[in-house]
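Below you'll find only one chain, the form predicted alone, shown as structure tokens.
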């Protein structure tokens, strides 16, 4: 493997691993803020205990997310220096704001939140938790502003072979951001809800009379949280798909395995894709459905991959502008399929937890435990679609992936660091998951007392 392939593998592994933890931080911070607000309103000590108990999971996850996130930024200078040279004027601004404003805001208020119990008023402490949640989600916003330029470049000019920012507010107002950010935000909400449901289900199966009320309440709140997140992430994802149909048509056609232009476009339910011969050997379709999903009518034309490839060659010159169709196709179906399953599971959890029927269905509680991983799998599949769907571009229409890698770095250097990261992240994964399982399975009273 050459430096480009190794650099791509290294960044992909680092990013996917880091993003296992980011949505948990986004979702749980908001979940904790809601619970603590409920504690302030009702003065019910159970809510305070819930905040402290689930707060342990949040803090463990936050610590690991910070460690893995910092490493990513070093990739730009080490493995992707040509990208940094070309994009630094634009990419550096939102990253700097994220670090100096959002991350410092989040980190400062986390410290106050940890050590401020019984030292500041209840209302102030709840407000601090809201500042943590706002800081967490602001961090995501600025990162996505940077990423959205790579997906949909705006507010720039090419000067001396570099992309230079000409309009900061165009960067912030990039329409891609305002589909992508709500999509990530609501995905985090679903992750937080499903994680709490999974641990609550484990405890409810134990039938410990001292903890049943605690985890019944946790389950009710988490189920509602998960359902809201799952519904919103699907609706926003649909709107984002319609935006991409107009701005990244190749990504949409790759997601659908659509080689030939169709009018109207049929939605592919399942297909066997032959990328070499640019055809599908089997394709089960719903007629006209794709046109309706993308354009809200049953007659619109959906341009196929082959025609889009010809258009790209005419615009950018000879080359392969087709992303990995099989990966895009099945990643999108994984994302959509799991998303629909999440709505079903969280909807049933809301229903049965409110009619006292949840504990009578031990099979469903057992299902909820592994279901805690469903949003993480769906999110990972979604990011694969987002990032690989714009290949061969690292910055859509402006810079190709092979032109962004550092010219002087060797394959040996990258391979050594790749193996080192795999080992280090493997250890961190074991430690992090072990700690989360330890606290998640512990008695709430004991865990809260240790947390204090």
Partner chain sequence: MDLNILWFILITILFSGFFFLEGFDYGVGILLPFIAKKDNERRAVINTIGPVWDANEVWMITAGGAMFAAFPHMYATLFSGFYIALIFMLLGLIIRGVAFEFRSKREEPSWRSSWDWAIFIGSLLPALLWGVTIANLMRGVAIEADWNYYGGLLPLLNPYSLLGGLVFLGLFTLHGASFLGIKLEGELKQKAKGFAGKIWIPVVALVVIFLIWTYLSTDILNNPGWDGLIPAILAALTLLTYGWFLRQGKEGLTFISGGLTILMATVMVFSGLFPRLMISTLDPANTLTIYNASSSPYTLRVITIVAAIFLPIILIYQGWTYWIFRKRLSPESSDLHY
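Residue numbers count along the first chain shown, from 1. These figures come from a predicted structure and were not determined experimentally.
Keep in mind that the form predicted together with its partner chain is missing from the display, and what follows is about it.
Annotation: in the predicted complex, residues 242, 305 and 314 none come within 4.5 Å of its partner chain through any heavy atom. This chain is displayed without its partner chain, yet in the predicted complex the stretch 156-164 from 373-381, 156-164, 193-201, 287-295 comes within 4.5 Å of it by heavy atoms. The closest heavy atom approach of residue 350 to its partner chain in the predicted complex falls outside 4.5 Å. Under a 4.5 angstroms non-hydrogen atom cutoff, its partner chain in the predicted complex lacks residue 186 among its neighbouring residues. Contact between residue 266 and its partner chain in the predicted complex is not found at the 4.5 Å heavy atom cutoff. With a 4.5 Å cutoff on heavy atoms, residue 441 does not count as touching its partner chain in the predicted complex; it lies far away. With the partner removed from view, the residue among 78, 231, 369, 134 that has a non-hydrogen atom within 4.5 Å of its partner chain in the predicted complex turns out to be 78. A single residue from the set 404, 26, 51, 414 has any heavy atom within 4.5 angstroms of its partner chain in the predicted complex; that residue is 414. Counting a residue when any of its non-hydrogen atoms is within 4.5 Å of its partner chain in the predicted complex, the hits in 73-94 run 73, 74, 75, 76, 77, 78, 79, 81, 82, 84, 85, 88, 89, 91, 92, 93.
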